[in-house]
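Below sits a lone chain in structure tokens, taken as the form predicted on its own.
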């Protein structure tokens, strides 16, 4: 129990909160009760200090490309009633109407697609083949996702999966026949890879395609219930508004009784009137926790027949006489080539995740700059949420992480659109690592922002909570994050073994630091040391270097004990997870440092330095491996923790400018980002 003096002080403070000017119970009982003055909203743009750096310049860094095209598309969505503008006080916001049924949401999604198609948004999305067109497409896709994930997923399935499969896996005959028609939605495509019984393990799918030599056709069949195609976006029935007319079917290819592995085929599933084709059955996947504007469906094929020419044959072909031919002799390499369309999806998902993190943080930070709670003194004013060190600790490290990951997403997009056959392996590794890392970060950001906004974070119109439900799927679709990170570790292990076997230095994937002497980390780093680029790179690279060595040693030890190579890797999963995380975070840090070093000395570069230090030291603080394996002393870890708190204080004056640099228009945020008192006033009740 508290001593009497302590209890009395606490009671006095509480009484001060409750009684206001009446400083004693006696005064309160004999004095009339008068209301406290009402709260007033004060815009943070007026109450906060002017920006200390060029906000527009930071936006150009974080967006990376096509700023004007982004603003053009945002404006197109703002000015159309199809995007559900809602007035709240003096502000108008655009967001989907989640009170609609899934059928209504799906119909609204297609009306928006038709509007954007008419405005020329998708021009060149198939027919533009140069890197510039590719980057513009990615920029516009991110903006669409800011409005509605269902809308972006519908477009992603059609343009990146259906279209990507034709583009990557098809040849000229397929390009000429399908791409132009698909760009204008004359042909509406979906992508039937996932099955009820097989998701990440694509190699194990059970759908069967058999070549009929007599007719020159493939016969595609769903042999069992677990082989039904599942979660196929665009496949379900949506009345007459929109549904896919064609699909890419991934199935096992049987030639004369020999299974040649997974291949991809084009098949028609509906006619132009929306009627389901013979020998095709389609059912709805039902209501979901999010993405109800996407018509996910299930498909069964009952020995449907398609022309031989509908095999996407850039990787392998079947000649009219039934001979199977391929320039890629290794079945594993051939299978990997068939998964190429998924890479574009992972790039999109990673970039979109960063943009959505920006939305959540912009809302939560702006709210924290206007919402007050409690007072520090008995009769003092209530304190802004973001002036509490604990609240800064919740949000500002995530702001720094999101800024660093923005640069990483831009790096990934450039790598993808400029890919070559020689760089495809690197694209796969980076896209796998960053897709997992950035989407996990997005879920953490949205959850923290939801909680940081209290009860207001639960309201759908305030966006954060519903965004969490809408984007949760990113962690598992187009590659389960945990599986992707295992692939990253296996790829790094292969690089390690090859370098040691050939006695060659490491080259590529940023592993060149493995060729340098092992860095030495001081036991008691000072504040200036902790904030130095040299220290941050050394400690982050030391972790990756050691974990890669440990992982290789553990796998080798299991193999020496009689385990197969596959089982040895599976048994080493903990080190594999730690290694993949180390690779991802080192990659992001190196990219962000490069971004910082290209800037001229000045306030913007100083702020980038604060963000870089916050990112690096937060990575150190959050990963137990720095202490577990002794990369950092206990005193060093404690110093890093203290430095993160100091950085929160250093970044606090820049909080508004940082989230303003995210480039999200006001109308795409939410009422609590602005005048949340007026937005909840009685006068707005009839607007709800």
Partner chain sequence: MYRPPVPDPIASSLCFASSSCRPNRFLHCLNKLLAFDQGMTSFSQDGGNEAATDQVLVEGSRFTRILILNRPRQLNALSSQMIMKLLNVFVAYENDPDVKLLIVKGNGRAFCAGGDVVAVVQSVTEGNWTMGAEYFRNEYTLNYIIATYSKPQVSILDGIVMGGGAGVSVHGRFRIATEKTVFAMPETSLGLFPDVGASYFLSRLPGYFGEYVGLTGTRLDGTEMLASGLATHFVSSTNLKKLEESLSKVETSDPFAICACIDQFSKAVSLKATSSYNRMDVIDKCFSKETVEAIIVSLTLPICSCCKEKEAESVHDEWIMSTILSMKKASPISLKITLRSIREARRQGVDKCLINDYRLCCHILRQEASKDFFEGCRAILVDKDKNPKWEPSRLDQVDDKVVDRYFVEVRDANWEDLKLPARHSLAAKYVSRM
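Since we're looking at a predicted model, the values are computed, not measured. Numbering follows the first chain given and starts at 1.
Another form, the form predicted in complex with the partner chain, is not on view; read the next lines as being about it.
Trainee: Among 292-300, 378-386, 76-84, 169-177, mark the stretch whose residues have heavy atoms within 4.5 Å of the partner chain in the predicted complex.
Mentor: Going by heavy atoms within 4.5 Å, the stretch is 76-84.
Trainee: Using a 4.5 angstroms cut-off on non-hydrogen atoms, would residue 71 count as touching the partner chain in the predicted complex?
Mentor: Yes, residue 71 sits close enough to the partner chain in the predicted complex that at least one of its heavy atoms falls within 4.5 Å.
Trainee: Taking any heavy atom pair closer than or equal to 4.5 Å as contact, tell me whether residue 90 reaches the partner chain in the predicted complex.
Mentor: Taking the distances in the predicted complex, the answer for residue 90 is yes, it comes within 4.5 Å of the partner chain.
Trainee: Given that the partner is absent here, does residue 48 sit within 4.5 Å of the partner chain in the predicted complex, heavy atoms only?
Mentor: So residue 48 counts as contacting the partner chain.
Trainee: Spell out, yes or no, whether the shortest heavy atom distance between residue 454 and the partner chain in the predicted complex is within 4.5 Å.
Mentor: Residue 454: no, not in contact with the partner chain in the predicted complex.
Trainee: Between the options 198, 513, 308, 136, which residue brings a heavy atom to within 4.5 Å of the partner chain in the predicted complex?
Mentor: When the partner chain is considered in the predicted complex, the option within 4.5 Å is 136.
Trainee: Consider the chain as shown here, without its partner, and state which of 94, 267, 485, 365 has a heavy atom within 4.5 Å of the partner chain in the predicted complex.
Mentor: Of the listed residues, the single hit is 94.
Trainee: Could you tell me if all three of 204, 280 and 573 have a heavy atom no more than 4.5 Å from the partner chain in the predicted complex?
Mentor: Not a single listed residue reaches the partner chain in the predicted complex, so no.
Trainee: For the stretch 109-134, return the residues whose heavy atoms include at least one within 4.5 Å of the partner chain in the predicted complex, in the order they occur.
Mentor: The stretch 109-134, when checked against the partner chain in the predicted complex, contributes 118, 119 at the 4.5 Å heavy-atom cut-off.
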